[in-house]
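This document starts with one chain, in the form predicted on its own, laid out as structure tokens.
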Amino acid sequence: MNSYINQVDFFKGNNPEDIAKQYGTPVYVYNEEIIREHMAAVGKVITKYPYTANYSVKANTNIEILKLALDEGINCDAMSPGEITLLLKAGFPAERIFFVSNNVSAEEMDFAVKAGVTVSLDSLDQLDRFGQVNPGGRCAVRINPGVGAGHSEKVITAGKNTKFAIAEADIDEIFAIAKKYDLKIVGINQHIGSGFLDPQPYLDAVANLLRIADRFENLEFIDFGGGYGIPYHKLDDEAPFPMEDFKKKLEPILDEFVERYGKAPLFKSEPGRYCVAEGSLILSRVQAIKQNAGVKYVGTDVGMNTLIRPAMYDSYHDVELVRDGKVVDRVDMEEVNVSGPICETGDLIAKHRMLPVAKTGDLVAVLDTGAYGYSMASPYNSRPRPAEVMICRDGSLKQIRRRETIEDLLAYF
């Protein structure tokens, strides 16, 4: 693929140079149409039985993006009272929010209960604490299915080497604690990891969770988790997550369980990255070009403060060069490191990357930044966070978060 930006008409007639000049660089740019298409796709993973996709909002909590999820008819997962509050602010009713908690305080549990939000507990200790906070209440429990998968060991959330969920061996203790506090276990949930492109580990985990579900009576819902990946190497023609094939393989597994269980509870999934990652890129400005020990560096104003994933997970993001408002063809390539302005050797957005020859003043577009981009950004080195801009379906531009200022940084002191 020569250019993803051109192939999908990402800017919908807008000149990226004009966007960069109006909002400054770096700047997160979102494409509403792409995000809606992905949200609609996850909402149709299961059509034969009762089903809802829960957008996992930790991927991107911008209220305007939450409103897109609301409009597309999918529900949401939250990991904190802050995320619950943002969802309520976006217009989500409490019954469409699922609090997937991990090592939280009694106060956070009480916040969710009073808001009318269903809570998932992921340890016996947390289940006991929830019983103290809300005796006689309703809740879900997170089960470790014994299968994990993900793009990095840091995001594998099931199996042996993880902090998450309750082991199958402890299910009897779940029932004992529930009986002690008269709790009703209305659902079970799992999550095996994030960013996988091979659906087989997920299918195996679904089958295993449904086997475990046999031990729970009258479940109202079963949540299979999310983690569907996106092709971060798209310029090298990496294949996307095989959604249609995945759906065909998933349905027989559900059929077998429904026949065995005697009814179809509400099935759920928790996609985050898949909903928003491909719907955003970062525009940054080339500030300097240099050679160092035989390595060429393209120095930009997008650093690990703006996008932490490459430094934190060694993650790969495709990069395209933009000059005079147009994508530079991928010819006359050279190997470079794309670096940022942060005082860290690890402040590299792209390492040993083949790119067209860059010039100072060019724009670098970092692709697939809609998930775990702005939501993990920081003002490290006291650099204010960037603006976020949405390209609407009609091609108009809308600022959905203003750029931080130095005054914002001072406001906390």
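The model shown is predicted, which means the values in this text are computed figures rather than measured ones. So that there is no doubt, residue numbering starts at 1 and follows the sequence shown.
If you look for the form predicted in complex with a small molecule, you will not find it shown, but the lines that follow are about it.
- Site annotation in the predicted bound form: the residue of Gly226, Gly187, Gly340, Pro265 reaching within 4.5 Å of the small molecule with a heavy atom is Gly226.
- Distance criterion of 4.5 Å from any heavy atom to the small molecule in the predicted bound form singles out Ser194 from the list Thr306, Ser284, Ser194, Ser280.
- Picking from 226-234, 257-265, 325-333, 285-293 the stretch near the small molecule in the predicted bound form, with a 4.5 Å limit on heavy atoms, gives 226-234.
- Met376 belongs to the set of residues with a heavy atom inside 4.5 Å of the small molecule in the predicted bound form.
- Shown alone here, Pro199 lies farther than 4.5 Å from the small molecule in the predicted bound form, counting heavy atoms only.
- Within 4.5 Å of any heavy atom of the small molecule in the predicted bound form lies no heavy atom of Ile97.
- Contact between Thr369 and the small molecule in the predicted bound form is not found at the 4.5 Å heavy atom cutoff.
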